[in-house]
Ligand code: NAD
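Coming up is one lone chain in structure tokens, specifically the form predicted on its own.
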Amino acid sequence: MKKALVCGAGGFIGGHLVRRLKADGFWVRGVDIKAHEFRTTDADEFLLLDLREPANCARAVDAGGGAFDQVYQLAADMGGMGFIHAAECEIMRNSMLINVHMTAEAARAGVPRYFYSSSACVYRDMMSDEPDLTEDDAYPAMPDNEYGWEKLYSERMAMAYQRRYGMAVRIARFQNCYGPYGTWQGGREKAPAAICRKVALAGDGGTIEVWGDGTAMRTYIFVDDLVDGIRLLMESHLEGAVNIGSEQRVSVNELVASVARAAGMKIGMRYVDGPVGVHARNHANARIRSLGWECRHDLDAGIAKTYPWVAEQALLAAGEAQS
């Protein structure tokens, strides 16, 4: 039985990836600084470790007499746009420490395949009518935020370790991911989860606050589609960064409309000041599609699977707060 290590297994995408690897027949060790907030792990073994410490990274990759067949490095200090803008120092320091030590320890342990989760935040600010950016278009570099700069450096570090140690490195640049069993409140939630929460609490005919003017363009990928791409990429021959995301571009206004449809509600919007981020990011997905990958969920289909779960959490929490 092949063995896989998932760093960040207590997080949203990491938790879904653990379940996929188990379904694919792997023995899985999950590692995180915290347990999963919303469901029990499917990992065969789960270690609570602070991966900012090199000794903990060495412990994580110790497979007991051999190397893990695959290591997936998703652990990071990150959140939604509000957190990214408010916690620049924490993001750069904590995530960089994790990546410096995890990459080095995996290489030293002789791990044959290493996955690094990067982000579309490595790309510059764009306008919605600009041509799609390929992976090579990340250079000359001009990320919009420090989270993107940290990701870009960590990509280069992983590739340097591949050259030195012969460890096969696979790098995915994630677009905005959403789905059930993810953070939905507290400032670290992504836009789809935040909008689902706001709509559920506003109720039919209610009004929600939206940062900016609602015209910023985004692409959102449902978590099951992203995990499909991660697994295909890890087993593939593709070296260098690979974009994984939907080609359906929607404005924030359209995201709100999709959530309202899933809820069966009429919702008004009040625009307020807030950290909006880039105007748009348009990414080419030809590299991941060359492996036979396709995005199976459009926004409405993915939100239809996400909204009920977020609404249940939000309404339950609101009820508990009132009691």
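In this text, residue numbers run from 1 along the sequence as written. Given the structure is predicted, the values throughout are model-derived calculations rather than measurements.
Unshown form predicted in complex with nicotinamide-adenine-dinucleotide (NAD); subsequent notes refer to it.
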Task: 4.5 Å heavy atom contact with nicotinamide-adenine-dinucleotide (NAD) in the model of the complex for all of 10, 75 and 175 - done: yes
Open item on the list: Among the candidate stretches 256 to 264, 51 to 59, 293 to 301, 279 to 287, which one is within 4.5 Å of nicotinamide-adenine-dinucleotide (NAD) in the model of the complex when only heavy atoms are counted?
Closed with: 51 to 59
Task: Distance check, residue 158 to nicotinamide-adenine-dinucleotide (NAD) in the model of the complex, heavy atom within 4.5 Å - done: no
Task: Any non-hydrogen atom of residue 222 within 4.5 angstroms of nicotinamide-adenine-dinucleotide (NAD) in the model of the complex - done: no
Task: nicotinamide-adenine-dinucleotide (NAD) contact in the model of the complex: residue 151, any heavy atom under 4.5 Å - done: yes
Open item on the list: Taking nicotinamide-adenine-dinucleotide (NAD) as it sits in the model of the complex, is residue 190 near enough to touch it, meaning that at least one heavy atom pair lies within 4.5 angstroms?
Closed with: yes
Open item on the list: Suppose contact means any heavy atom within 4.5 Å; which members of 19 to 37 contact nicotinamide-adenine-dinucleotide (NAD) in the model of the complex?
Closed with: 32, 33, 34
